[in-house]
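Have a look below at one chain only, the form predicted on its own, in structure tokens format.
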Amino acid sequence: MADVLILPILVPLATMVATLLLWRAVWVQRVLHILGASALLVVSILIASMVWEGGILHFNVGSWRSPFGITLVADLFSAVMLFIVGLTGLAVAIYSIGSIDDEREKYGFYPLYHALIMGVSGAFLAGDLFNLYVWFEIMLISSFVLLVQGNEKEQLRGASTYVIINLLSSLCFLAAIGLLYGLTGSLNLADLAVRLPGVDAPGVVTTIAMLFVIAFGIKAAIFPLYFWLPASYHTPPVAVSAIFAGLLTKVGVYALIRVFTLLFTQDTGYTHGLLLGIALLTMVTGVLGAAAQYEFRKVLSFHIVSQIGYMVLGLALFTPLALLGAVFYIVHHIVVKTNLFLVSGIAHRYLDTFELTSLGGLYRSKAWLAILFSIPALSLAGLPPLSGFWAKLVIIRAGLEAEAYIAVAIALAVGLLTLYSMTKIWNEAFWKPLTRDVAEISEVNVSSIASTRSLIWMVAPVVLLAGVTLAIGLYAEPLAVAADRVAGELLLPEAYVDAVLGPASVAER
């Protein structure tokens, strides 16, 4: 049964190879693109249901038993993340059919997209640190090529910053892996969870933990390592920005939560205290950056940074309720942020610009788009009864229970500034009158580019993700129950170790 864990890697790999071999037949590539993304969603639902019913799954690739071989592990945290990858991966795949231009289709957009999805899926299933590193590199290579497709000057500038800072992340990751292997003789996560408590070198362990904070913190875009994100995410096509915004930073957050609940729990006063300070600074600097911007996607990019702060805050508080909030927040944010980027692309199709000062009048001319924007925007700001309200409420309640009153005050203030930024986009893009010059651009743009067929491909996933946001907000209990169970598993890692290594290893702890 555990063989099914290889499918989230094989499905995008097969789709990537098939679209690469059929690169001359664009229409065939499009069909395979949608079929591959749909198959991944089906597989992720299957794995989630198996983990929910039967507990943690693990698969030893090549029949080499843990901790000696490559191990894929799916606990409920991994299963939830895989499901969200399947959902948003399909939504953006559908959107890309109507938005990606012919040149990018010819030069490998579809294979690269599925290589990226494969890297993300592999990272969520990795049961050892070296393979997590390998999946990170696959994500880096595919995302870098997706960033530079088009060869525009702004893209190349943003991609250069992106790749340089991510190479720094890779170096820190490799250094941490080397030190950890030298200290324990293992890189298997479950095996490390058994061995690390017995290591009598607290200073070295803490140093390794800080290297992981830098390595995963760059991927997650935490303070002060986030500057590459707003410099690059607004440069590629919207479909690329959306999948980056939804998934890539969350892989970093996932890795932080994984290692700082499973491995580095010996000195939480220091490590998690440091994470608390980083979380608060990430929230404040991100939202202030968003408030200062007047470009649609730059505002959204800075908001990614500020919202990452809420997720890291849940990890830093390190209580069952806080971790529940962090998991809930990750799921909510992936759906909402992906959708906001997709909406920005539809606005661009009508008015041919992302500059808020040049946008306007969309509420009167496209009221349906205004409604589709308001659902994720208000959810991101945390207004009830949308998904963001419950996510923020749980985090703030966890902060109050932990008597972290300053953190709670900052979280509430950042929420108000997020609402201000969303209101700014609403006023500039949807509410204020449209100027005559922009109206002329709009008519030309709509008639020549945004055909009805392409708009259907673009609008359908926006409606889908808006529906998911409403469903999470109005029926929050199922996700809250799942997040609560994830938090329980994270705080009691014996079940993870038991599933991978066997009960005897748990007795050694």
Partner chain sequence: METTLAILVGILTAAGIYLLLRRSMLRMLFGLILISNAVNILILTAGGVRRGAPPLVEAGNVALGAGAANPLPQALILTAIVIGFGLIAFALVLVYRTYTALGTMDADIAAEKRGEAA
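Here the structure is a predicted model, which means the values were calculated and not measured. Numbering follows the first chain given and starts at 1.
One more form of this protein, predicted together with its partner chain, exists but is not displayed; see below.
- Residues of just one listed stretch (83-91, 424-432, 144-152, 384-392) have heavy atoms within 4.5 Å of its partner chain in the predicted complex: 144-152.
- Checking 231, 402, 204, 291 against its partner chain in the predicted complex, a heavy atom within 4.5 Å turns up for just one residue: 231.
- Only one of 409, 371, 416, 156 lies close to its partner chain in the predicted complex, with a heavy atom inside 4.5 Å, and it is 156.
- In the predicted complex, no residue of the candidate spot (350, 375 and 460) has a heavy atom lying within 4.5 Å of its partner chain.
- Though the partner is left out of this view, residue 164 does reach within 4.5 Å of its partner chain in the predicted complex, counting heavy atoms only.
- The closest non-hydrogen atom of residue 367 lies beyond 4.5 Å of its partner chain in the predicted complex.
- Contact check for residue 363: no non-hydrogen atom falls within 4.5 Å of its partner chain in the predicted complex.
- Within 4.5 Å of some heavy atom of its partner chain in the predicted complex lies at least one heavy atom of residue 137.
- Along 167-193, residues 167, 168, 171, 174, 175, 178, 179, 181, 182, 187 each place a heavy atom within 4.5 Å of its partner chain in the predicted complex.
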